[in-house]
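To begin, one chain is listed below as structure tokens, in the form predicted on its own.
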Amino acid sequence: MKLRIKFRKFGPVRYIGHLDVMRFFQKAIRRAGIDVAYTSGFSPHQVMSFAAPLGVGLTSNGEYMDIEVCSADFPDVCGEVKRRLNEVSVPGIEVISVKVLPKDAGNAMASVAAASYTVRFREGREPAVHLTEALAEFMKKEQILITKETKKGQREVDLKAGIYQLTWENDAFYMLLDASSGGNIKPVQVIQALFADCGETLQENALLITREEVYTNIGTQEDIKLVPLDEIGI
């Protein structure tokens, strides 16, 4: 049986990296007495897949992890797994929901198509520019080019096609971005490009970023239909 677990990451835990979060859940699953499946071979490990690693310093209301369990001898599997994990959790990590995945469902990592974010400025680090006007001009551009560092060196990337939504209201940016393996746009890249376009410099550590949700595409590449990952399963 495959389970999809949605959880929040907040508070000081936002400074914990992805590998430590993975190790935390491996230990939490054992402490919770969940009969998780293990891989075979000389070094077996829990069958576990995370949707998209969250950057250090970011908070999230929509993180996902898939696990496979060998057995679940209780009536309400999803409710019991959620309760057990939250009982052994730590401040800053909270399981929100658990769903049973259909057998043909892709794993969390392979399913990611987009992610939504809320981005605010730390007090005293707001730009001088009028952001509503600057954003309107920014989104009129046919291309939004940035230079991206890769393992093979630098390359120029056009962000425009991967910015599905970008608004500024109530002193915050709300954005929906391509988060697939082929795109994977980060909020800070968008803000840096916006600032460069209007002659501003983004101050160091100026942004407070929360990932709100992660989405999969149940449509096609030409006709995209995004749904949250927790809408897959029962």
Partner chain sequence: MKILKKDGGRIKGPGENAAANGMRNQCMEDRLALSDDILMKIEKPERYIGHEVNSVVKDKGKIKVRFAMCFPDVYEIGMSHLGIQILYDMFNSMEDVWCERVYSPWLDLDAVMREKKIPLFALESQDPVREFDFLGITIQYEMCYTNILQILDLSGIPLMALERGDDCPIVIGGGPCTYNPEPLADFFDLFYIGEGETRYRDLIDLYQECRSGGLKRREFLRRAAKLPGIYVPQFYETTYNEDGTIRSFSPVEDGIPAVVQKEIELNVTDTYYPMKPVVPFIKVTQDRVVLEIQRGCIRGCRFCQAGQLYRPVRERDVDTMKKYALEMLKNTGHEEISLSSLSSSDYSKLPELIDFLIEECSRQHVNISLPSLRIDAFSLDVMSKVQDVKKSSLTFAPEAGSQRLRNVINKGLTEEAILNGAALAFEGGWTRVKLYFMLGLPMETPEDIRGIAELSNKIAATFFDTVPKEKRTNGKVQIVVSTSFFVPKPFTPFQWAKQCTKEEFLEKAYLTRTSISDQLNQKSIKYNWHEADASVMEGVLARGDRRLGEVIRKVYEKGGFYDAWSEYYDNERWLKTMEECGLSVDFYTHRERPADEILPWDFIDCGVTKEFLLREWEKAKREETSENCKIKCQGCGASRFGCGICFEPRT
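Just so you know, these numbers come straight off a predicted model, no measurement behind them. Residue numbers count along the first chain shown, from 1.
Omitted from view is the form predicted in complex with its partner chain, to which the following refers.
Think of it this way: in the predicted complex, its partner chain has a heavy atom of just one of 91, 75, 102, 153 within 4.5 Å, and the residue is 91.
In the predicted complex, its partner chain sits within 4.5 Å of a heavy atom belonging to residue 118. Its partner chain is not drawn, but in the predicted complex it has a heavy atom within 4.5 Å of residue 8. Its partner chain in the predicted complex is approached by residue 96, whose closest heavy atom lies within 4.5 angstroms of it. Taking the partner from the other structure, its partner chain in the predicted complex has a heavy atom within 4.5 Å of a heavy atom of residue 204. Stretch 40 to 48 is the contacting one of 175 to 183, 40 to 48, 194 to 202, 161 to 169, since its residues have non-hydrogen atoms within 4.5 Å of its partner chain in the predicted complex. Applying a 4.5 Å heavy atom cutoff to its partner chain in the predicted complex picks out 8, 10, 11, 12, 13, 14, 15, 16, 17, 20, 23, 24, 26, 27, 30, 31 from 1 to 34, in order along the sequence.
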